[in-house]
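One chain comes next, on its own, written out as structure tokens in the form predicted on its own.
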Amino acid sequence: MQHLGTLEELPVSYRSGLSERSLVPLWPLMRDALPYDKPHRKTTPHVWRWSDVRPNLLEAGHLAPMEKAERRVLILANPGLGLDSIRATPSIFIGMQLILPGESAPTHKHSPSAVRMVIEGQGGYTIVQGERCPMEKGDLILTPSGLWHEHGHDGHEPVIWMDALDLPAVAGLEASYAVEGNIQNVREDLDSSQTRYRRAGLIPFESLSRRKTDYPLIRFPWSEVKESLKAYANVTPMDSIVQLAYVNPETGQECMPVLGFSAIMLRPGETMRPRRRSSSAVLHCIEGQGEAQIDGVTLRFEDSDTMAAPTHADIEVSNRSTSRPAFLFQVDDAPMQRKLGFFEEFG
């Protein structure tokens, strides 16, 4: 391996002259910017336990009224990246959002793209571009970049969901901002995107001759995703991972441009060992319990716990129950890495 000169080897006068002109020599920093074999990573394997998050989020319901909060969210901040970085991984923002009965979160749109994964409660809804989407446990709802959206609650108990955004990537480009809007007029065709694309392999006939829609499907009901996973598990060998991707039904590509989303089923007693990937990931337990080994760190998880995995991590996830399956929701930044041309799988 080539020995590179250090900053201290340069004359003080030379270094001072560079600094005065906002210049920096690359060679002393080369291995920090381009390390061999594997990137330098500050992200640490970490688990946020629902038993810790939920009571603090409910307390926020009393401390932060909606008119002062706009969005009542607790951020899952990776300790390796620093609590002020508001990142679960370098490119993934994860927050837990609470809405109480009778409340509404005002209409806005923003440059980052977001999804909502519902954790608990009934009676909540999200309106996206005039389409009202009911929110049930495990449902995935898209609020893509630039689309108007708002949240409301017609039920009788707290509703909580997980927000996953590409905010760190967008903010890093100094392109993150939001715009306030007026209350939307709700279309009469409730949850229309899910109705039009109810069955895999079937799309409205007219879509064959019109320009493909960026986001034809806004809501993915958990009841149907779960049944699909169970059916897929019946035809998947035990040495293969039962994993389904959330995609655009008109193109077959990822449903969002920067972050990818998928659902995983671990059969009773099953352990999955995915190939090492260049992308980072967040794993949220929808149902079940188990144990994850991420870069040699053991993380036990239960219902609604959330875990972070760094880029290039060695991951092993086990369902410790011998009678019940476990269901996980995965967020990763593979779509962005594919578009930028450096996504890799190893082993």
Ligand code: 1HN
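If you're wondering where the values come from, they're calculated on a predicted model, not measured in any experiment. The numbering used is simple: start at 1 and walk along the sequence shown.
Beyond what is shown, the protein has a form predicted in complex with the ligand; the following relates to that form.
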Study note, to complete from the structure: Of the candidate stretches 90-98, 230-238, 208-216, 249-257, the one with residues having heavy atoms within 4.5 Å of the ligand in the predicted complex is 90-98
Exercise for review: Work out which of 73, 118, 170, 81 lies within 4.5 Å of the ligand in the predicted complex, going by heavy atoms.
Suggested key: 73
**Study point:** Proximity to the ligand in the predicted complex, single hit among 226, 187, 108, 273 (heavy atom within 4.5 Å)
**Key:** 108
Practice item. Evaluate residue 163 for contact with the ligand in the predicted complex, applying a 4.5 angstroms cut-off between non-hydrogen atoms, and reply yes or no. Key: yes
